[in-house]
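Quick heads-up: it's one chain on its own, the form predicted on its own, in structure tokens.
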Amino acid sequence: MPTFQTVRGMRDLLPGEAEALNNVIARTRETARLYGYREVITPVVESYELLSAKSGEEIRQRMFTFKDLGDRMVALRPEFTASIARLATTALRNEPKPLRVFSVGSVYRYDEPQRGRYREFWQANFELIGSSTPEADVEILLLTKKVMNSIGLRNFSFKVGHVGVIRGILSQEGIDEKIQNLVLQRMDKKEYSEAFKLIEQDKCRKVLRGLLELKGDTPFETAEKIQQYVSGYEMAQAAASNLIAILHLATVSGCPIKTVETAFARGLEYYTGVIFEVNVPELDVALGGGGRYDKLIEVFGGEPTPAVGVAHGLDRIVLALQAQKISPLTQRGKTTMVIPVKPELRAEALKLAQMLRESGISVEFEVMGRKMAKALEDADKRKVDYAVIVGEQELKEGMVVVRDLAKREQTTVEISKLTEKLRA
């Protein structure tokens, strides 16, 4: 018989790994609750046309696509925003604005597998739909900060940019939107010479080269230099002013913004305004990122609707915790194993186990038919906290033996007081 392995780029998450991931998911859900975001669950499989509409060439090339039995072209979702935008034009179109939506689950991209980059990975996604104000952008930054803080990460910081600056310059110079997308893709990868080859106008190339050289000692200083530099480009200047307003609100609220980058695009075509990523020094990949996308819902047939969102890479957050040697803040309670002394006592022992579970106590039942010594040895190896030993004589007296496996102590306890004893 063949020995099967996981498909390349896919992973099994073993109990400790799954526990760490679920702990991070729990923190994102709690943040969603604190900020008023309501959870939705969308399909893993969506129409290829929906997912490819504004995802960007790089992601389009890396989608898992196939034809279903109805000969329709579909794909595994590479991210959540397109699905949420679809919902905003259909089932949620009449919901009062702003609409705050949260989703969590697996997404799929055919990337080259490496540390922090898998073909199936997990994201938590927050979308704020219906507001064009800087306060909305800052809310997304601050809830990202809250997620990182609640998980326990240290020394994380934000990199911020604004797609509107470069788009404003290119639009005013008459550059077609498709060429703009290609230019942004190349610049995002720091392939500047390739980007400039796509632009025929010498003046435009010169302006963009000068933009790349702008640096300040602080994010504010960089943003102000950008604003001064693009004087004469109306849309680009408005974008720079918007970026300054966002930086002001974010920094006074304690958001650790480290850098402002002019040629930062995040590889998605639907961004129209501020964009950002959050990083830690120990990893060379972002833990999450997002930005403003004011035209996407309109592309999918909805009314013109401003929106901003963020996706947190949950696998990468777990890696960052490991890199910083931070133990996950698990909510694991005490565990108990119920062991009947002999087979004739199995029914009574099972009843007892059910009674404890219904009281909210985590219980494993000895299902291997082991002798008492072996059963206790197994419970000890797997770090079970208590063994409840069901013996014939004790049962007649309405009692059981409770053994504290860590302390190697045991006492006889009345069954009526067993739940109270284990909780204490």
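Source: prediction; values computed, not measured. Start at 1 with the first residue shown and count on from there.
Keep in mind the form predicted in complex with adenosine monophosphate (AMP) is missing from the figure; the text below concerns it.
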What stretch, of 340-348, 245-253, 263-271, 69-77, brings heavy atoms to within 4.5 Å of adenosine monophosphate (AMP) in the predicted complex? 263-271
L182, A286, C204, L153: which sits within 4.5 Å of adenosine monophosphate (AMP) in the predicted complex by any heavy atom? A286
Among K97, R93, R117, K146, just one has a heavy atom within 4.5 Å of adenosine monophosphate (AMP) in the predicted complex, namely R117
Would you please decide whether G161 lies within 4.5 angstroms of adenosine monophosphate (AMP) in the predicted complex, comparing each non-hydrogen atom pair? no
With the partner left out of view, is A311 within 4.5 angstroms of adenosine monophosphate (AMP) in the predicted complex by any non-hydrogen atom? yes
Is R316 close to adenosine monophosphate (AMP) in the predicted complex, meaning a heavy atom pair under 4.5 Å apart or at it? yes
Is there a heavy atom of R109 lying 4.5 Å or less from a heavy atom of adenosine monophosphate (AMP) in the predicted complex? yes
